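One chain follows as structure tokens, the form predicted on its own.
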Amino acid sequence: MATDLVPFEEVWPRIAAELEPLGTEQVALDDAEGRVLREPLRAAWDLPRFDAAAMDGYAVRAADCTGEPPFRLRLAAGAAYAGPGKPPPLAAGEAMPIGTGGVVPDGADAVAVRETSRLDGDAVIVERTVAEGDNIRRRGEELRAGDELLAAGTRLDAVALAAAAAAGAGTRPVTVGVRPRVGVVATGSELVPPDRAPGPGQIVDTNRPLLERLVRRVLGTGPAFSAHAGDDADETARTLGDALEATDLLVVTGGVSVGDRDYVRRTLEERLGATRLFWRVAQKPGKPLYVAQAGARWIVGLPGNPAAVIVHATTVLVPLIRALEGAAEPLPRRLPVRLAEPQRRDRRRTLLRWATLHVENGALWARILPRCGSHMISDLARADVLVIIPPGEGELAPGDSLDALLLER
């Protein structure tokens, strides 16, 4: 293996070793969807906040419902349904109607469920014995005020926000990571926008719109800078210089290989002061991967081939955005899968193959899709995962276990 090719499994550790998250800011919980917590989120109050009924029925004293059923209890005045206010206390020998979520009245220590209880005039007949604590959600049984609910580094999705609101986080600002300003630059004189039919020698620019959409999905806001540069050294330098001024992370597609008109790498290092971390990776697709820093700014140079862009977006770009926000686990989750069909390995490079998933006999099986060239994007539109085929000799057999990454889409 050429010494300047970074092994696939070393790419992220090399980036992480140089990475520091951006700063923090405080936002209201309603504005925090998709943001990354930078301080632990703690419960503002006990959860549940009071002893509450877990079922519809009657609040009772367990001591009145022991022995040989049925038990005849007086129907108490009042009721304990969910809503504001507190019900009157319960006296010995009484039963009070209560609904799920209702405050358990003072004096009661259990709920007899409606399915085994019935009204009989001004009495309640309980047909089964009831133990203390039956069908009651105790105050603080889930969380106590001050308990940690969500750790620093957690990405706040809809479920996390609901849990945070229930525990009182909506009453005060939360501390989150600053969103990185991401710039997207596509290079190549052959590119035309998607709303134009390409002429001879031209192709539709799919990479820039794809990256813009990914940035918007991950951050909840679009790129801070987006542009196209033709194959001209001065135009490339002007565009990249403007992009670096406006961003914390610059993503460039095309122009990072060794062609006569691949100006990106030379321009960044010779004219814009970038310091390279690495350039090429022992993987397929996506061997040309340029990662550098210009001061505190990050630069990721991607190949022009669209499939390689999607692969690197999954393995490097989206994790880098999340890490800059302070995410504790920025990398895509790895899933264990089994190969549905034999696959030949590459002796020197990690192969990343897009595949669909199906479940059989309790296992996840991956079927590699046929169009896996770096310039081919049609099969990626229906793929579920990237299957990681480590370098080695020979062929992998059906049923062999490998890791797969959920695709960023």
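A quick note: this is a predicted structure, and the numbers were derived from the prediction, not measured. Numbering starts at 1 and follows the sequence shown.
One more form of this protein should be noted, the form predicted together with ligand AMP, which is absent from this view; the next part is about it.
**Student:** Would you point out which of 67-75, 122-130, 219-227, 296-304 contains residues with a non-hydrogen atom within 4.5 Å of ligand AMP in the model of the complex?
**Tutor:** Selected range: 296-304.
**Student:** With the partner left out of view, is L191 within 4.5 angstroms of ligand AMP in the model of the complex by any non-hydrogen atom?
**Tutor:** L191: yes, in contact with ligand AMP in the model of the complex.
**Student:** Counting only non-hydrogen atoms and a 4.5 angstroms cut-off, does I203 reach ligand AMP in the model of the complex?
**Tutor:** Contact with ligand AMP, yes.
**Student:** Check G183 for me: does it contact ligand AMP in the model of the complex (non-hydrogen atoms, 4.5 angstroms)?
**Tutor:** G183: no contact with ligand AMP in the model of the complex.
**Student:** Against ligand AMP in the model of the complex, would D248 count as a contact residue? Criterion: heavy atoms within 4.5 Å.
**Tutor:** D248: no contact with ligand AMP in the model of the complex.
**Student:** Sort through D262, E142, E212, E235 and report the residue having a heavy atom within 4.5 Å of ligand AMP in the model of the complex.
**Tutor:** Contact residue from the list: D262.
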